[in-house]
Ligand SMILES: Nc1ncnc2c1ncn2[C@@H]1O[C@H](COP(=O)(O)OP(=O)(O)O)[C@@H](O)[C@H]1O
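One chain follows as structure tokens, the form predicted alone.
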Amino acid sequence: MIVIVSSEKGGTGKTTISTNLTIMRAQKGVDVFLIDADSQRSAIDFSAVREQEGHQPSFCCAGISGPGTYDEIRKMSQKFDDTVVDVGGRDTLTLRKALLAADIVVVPFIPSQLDVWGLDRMNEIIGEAKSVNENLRAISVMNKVDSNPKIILGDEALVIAKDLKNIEFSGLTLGYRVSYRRSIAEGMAVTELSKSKKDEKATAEMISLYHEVFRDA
């Protein structure tokens, strides 16, 4: 299975989701490949930290971009059971080519007006990709959700997310939690944090997303 994690807007937590899904898949004994298709190369940096810390399971990670993205993803993914691709937060040729190679695209968005506008543009991009890649499944997940009940931006964003034609809202949300940032800094998935640092809510959120993404695998 080829999983793309991307959005038209930057800062939505794509690398956090990509790396967590990759590690959780590897923990199941699956030979998984992480592709960094973001010019910032954050997934590659994360993988380097993980390797330096000696965390297991390990996985392969490489960077690609540009007009050859589709061919590279298809070629490289043949060597692995599953491939996760972290794509940068802009409407680029790399993004559009990656969508043509994907089985599923996960679109994280933040509950803000700017992100809602970006989600609407992503809906159009995915619609164009589906005209060629007819089996492409697209789901969205609301990320970095504030736990303060007085902040209602999430409710407003959900109205838009549920009404999109080409992207199905997964019904899942990820909180704005320190544990996600801590795990990334340590080269780990949030599910791997030690007992003293364990965040049960974050763990449950990421497990739910994992099962949604790989439900057909």
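This structure is a prediction, so every number in the text was calculated from the model and none was measured. Numbering starts at 1 and follows the sequence shown.
Another form, the form predicted in complex with this ligand, is not on view; read the next lines as being about it.
>> Give me the residue from 175, 63, 68, 171 that has a heavy atom within 4.5 Å of this ligand in the model of the complex.
In response: Contact with this ligand in the model of the complex is made by 175 alone.
>> Can you tell me which of 93-101, 76-84, 125-133, 139-147 lies within 4.5 Å of this ligand in the model of the complex, counting heavy atoms only?
In response: Stretch with heavy atoms near the partner: 139-147.
> With the partner left out of view, is residue 162 within 4.5 angstroms of this ligand in the model of the complex by any non-hydrogen atom?
Replying inline: Residue-level check for residue 162: no, no contact with this ligand.
> Does any heavy atom of residue 14 come within 4.5 Å of a heavy atom of this ligand in the model of the complex?
Replying inline: Yes - in the model of the complex, heavy atoms of residue 14 and this ligand come within 4.5 Å of each other.
>> Please determine whether residue 181 contacts this ligand in the model of the complex, using a 4.5 Å cut-off between heavy atoms.
In response: Result yes; residue 181 sits at the interface with this ligand in the model of the complex.
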